[in-house]
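Starting off, we have a lone chain in the form predicted on its own, written out as structure tokens.
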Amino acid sequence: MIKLSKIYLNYGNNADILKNLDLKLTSGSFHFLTGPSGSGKSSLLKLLFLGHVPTSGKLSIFGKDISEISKPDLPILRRKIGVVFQDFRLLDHLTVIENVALPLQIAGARNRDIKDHVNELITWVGLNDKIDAFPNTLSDGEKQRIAIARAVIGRPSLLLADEPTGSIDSNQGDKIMHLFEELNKIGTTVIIATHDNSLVSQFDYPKLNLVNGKINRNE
């Protein structure tokens, strides 16, 4: 499903962030992406979300070579990918329920289905009393939970999460991890970038350790 071959990534004239990186992940797998700060974890996720183009090398997602996909087709491919960013990236002019509903609206889901699914998921993340609130009234932990709800609402084929439990307490973190596991059981490939070793140690999933721009697999 995901294949990176001899990938290099740098920004302008800066040093390579990813160096001769080779990686192949099967559909429906679950991995932790680990490594020290500055090792390139966030950059790798952005690459997989098609937010960056590799400086060189070949990237294939869902069996498609990214270099052969036209610009108009990229948004269609991105709809299959759910992303939890560290900075949340909620739309400030939309309420909580509108932010979470957005992926379903873009996909053309029926209004009744949108309402049912969105309300259920917002309740799951413990924010049913905030459905009409705007992001600027929420704490970082609440924004994190809403960002996660938005990322998973459309049952993406690939879920990329950058430090998804970093702003929430351990009880909410357990619920979020359970949500990711349930999504994985129905076929979603999950990649969680984290520096939280205690989180990683709680689960028996393979680890992709990124150091100096290269990945060491730890099954």
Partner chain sequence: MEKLIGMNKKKHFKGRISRIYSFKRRPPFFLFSLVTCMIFLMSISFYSGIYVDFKLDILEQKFEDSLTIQIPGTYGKTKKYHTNQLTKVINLIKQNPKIKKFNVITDQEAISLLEPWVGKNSLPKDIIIPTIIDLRVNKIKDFNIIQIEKKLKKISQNIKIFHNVKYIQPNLRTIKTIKIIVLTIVLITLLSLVFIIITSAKTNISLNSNTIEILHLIGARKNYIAKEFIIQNLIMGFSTTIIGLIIGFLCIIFIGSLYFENFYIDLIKATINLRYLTFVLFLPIIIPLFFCLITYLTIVNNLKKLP
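Residue numbers count along the first chain shown, from 1. Please read all numbers here as calculations on a predicted model, not as lab measurements.
Unshown form predicted together with the partner chain; subsequent notes refer to it.
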item	value
Contact flag, A101 vs the partner chain in the predicted bound form, heavy atom cut 4.5 Å	yes
4.5 angstroms heavy atom contact with the partner chain in the predicted bound form for F62	no
The partner chain contact in the predicted bound form: G51, any heavy atom under 4.5 Å	yes
Residue contact check: T137 to the partner chain in the predicted bound form, 4.5 Å heavy atom	no
L121, S170 and K175 each touching the partner chain in the predicted bound form (heavy atom, 4.5 Å)	no
Partner contacts for 55-80, taking the partner chain in the predicted bound form and a 4.5 Å heavy atom cut-off	K71, P72, P75, I76, R78, R79
